[in-house]
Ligand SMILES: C[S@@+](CC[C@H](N)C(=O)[O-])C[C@H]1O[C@@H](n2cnc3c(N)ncnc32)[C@H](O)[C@@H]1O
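What follows is a single chain, given as structure tokens, in the form predicted alone.
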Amino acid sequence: MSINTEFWNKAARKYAKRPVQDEAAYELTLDRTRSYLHADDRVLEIGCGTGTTALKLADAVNHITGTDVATGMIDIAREKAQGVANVDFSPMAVPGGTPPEAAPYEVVMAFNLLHLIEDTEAVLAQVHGMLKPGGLFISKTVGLADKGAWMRLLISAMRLIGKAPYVKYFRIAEIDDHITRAGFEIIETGNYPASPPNHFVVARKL
């Protein structure tokens, strides 16, 4: 099943105004991501939200295509991208959507996305198919499995009234296992921040 598009369209403007919760962890994520990028890379970001990360990394690559299921998010990203020549934004379903520019890519990024999708295997297979041999999948996924039953109850209650999206409760080892079984070799991991762990992974397509 894909992401709840209606929820994220309604949340887009409020989401755009929300500050980064941990600026230091976000900057570290950008730095580690940037260290793997090259000037001739064509990059696809899935779940780009309002486009901030793609725009911050645009100077490190040839071109970035940012995609999101929510047209509300894409509208905001396009507003922010005016004057930036090597970034574009388009709606795309995950899993199952077709990227607006022809694959394969040197890099596919997915930050704070995998825990919002029910069919992890399907989206990772989609990513694998969009990468060149040896291409990189760079992701960051929150691990909420150890946060306790109270959080699950709270999110479930909020979902019933349309105030929260679907959330998958990953353990860190599960994230790595899903990526490995999808045909990738993990070459770097880290948790930025450490609690709750937001698990950063760089993986190479085998």
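If you're wondering where the values come from, they're calculated on a predicted model, not measured in any experiment. One-based numbering along the sequence shown.
Note that the form predicted together with the named molecule isn't included here; everything after this is about it.
Shown alone here, residue 200 lies farther than 4.5 Å from the named molecule in the predicted bound form, counting heavy atoms only. Within this chain, residue 47 lines the site of the named molecule in the predicted bound form, having a heavy atom no more than 4.5 Å away. Within 4.5 Å of some heavy atom of the named molecule in the predicted bound form lies at least one heavy atom of residue 113. When the named molecule is considered in the predicted bound form, residue 70 lines it closely, a heavy atom lying within 4.5 Å.
The candidate spot formed by 39, 64 and 105 is out of contact with the named molecule in the predicted bound form: none of the three has a heavy atom within 4.5 Å. Out of the listed residues 81, 124, 131, 94, 94 is the one that sits within 4.5 Å of the named molecule in the predicted bound form by at least one heavy atom. A single residue from the set 87, 117, 76, 136 has any heavy atom within 4.5 angstroms of the named molecule in the predicted bound form; that residue is 117.
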